[in-house]
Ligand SMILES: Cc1cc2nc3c(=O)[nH]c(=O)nc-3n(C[C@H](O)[C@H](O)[C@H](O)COP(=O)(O)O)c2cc1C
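First, one chain by itself: the form predicted on its own, in structure tokens.
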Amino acid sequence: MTGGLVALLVTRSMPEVIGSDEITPQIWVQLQRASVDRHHEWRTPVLASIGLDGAVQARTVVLRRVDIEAKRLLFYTDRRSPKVLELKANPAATLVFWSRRLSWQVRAQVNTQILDAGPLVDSAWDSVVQSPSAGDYLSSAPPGAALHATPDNSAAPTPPVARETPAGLEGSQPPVLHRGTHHLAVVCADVLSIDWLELSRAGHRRALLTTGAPQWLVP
């Protein structure tokens, strides 16, 4: 990321009334910022897709990277997660972002691709391998698997504790993990269109953003 872009993300203030030609650029500025600022409201959008049973599925994901030029959003998942099979069967999905600060809702229609090997996955794993989140991708059980029952026959997980460096990664020189030992996959979401909604006391505004000028819609 260039220094100029960092400065733009940090210092640029939002105008009270944003012009139509600024809506799309500002959305991508905010998305880029969310990918590097864990406190940004767009850091954790909701991903909605179609399940294998035809029912709508929705879950919160973490926005990890943004490629403005390619109009692509990336997030990580466990390659054994049910949503991987769902997205492979039906790549169409929607990402929903809400910002109370901006009073903006963004619904991005996307086409997804799952990557579970290759340079992009290797780079993603390198970025998390020494962080607490690495343990999420090292579990022997897949996401959604049933927990073992306790003696009273109730499924009760162990109370959570402060997350530390995952077992096997302690110490100043953690062992090198082979690429095949983790279950991290990268979901690439190519943005096809954006439904932008601005809530304002002066009057709500809504626009469909694809290419060219915004198509204004009834809020």
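Remember, predicted model here, so these are calculated numbers, not experimental data. Sequential numbering from 1, following the sequence displayed.
Quick note: we don't show the form predicted together with the ligand, though the next part is all about it.
Legend entry - Residue among Cys188, Leu184, Val61, Val191 with a heavy atom within 4.5 Å of the ligand in the predicted bound form: Contact check passes for Val61.
Legend entry - Contact label in the predicted bound form: Gln26 to the ligand, heavy atom within 4.5 Å: No.
Inset, instruction - Classify Lys83 as contacting or not contacting the ligand in the predicted bound form by the rule of any non-hydrogen atom within 4.5 angstroms, answering yes or no. - result: The answer is yes: Lys83 has a heavy atom within 4.5 Å of the ligand.
Legend entry - Tyr76: touches the ligand in the predicted bound form, heavy atom cutoff 4.5 angstroms: Heavy-atom contact with the ligand at 4.5 Å: present for Tyr76.
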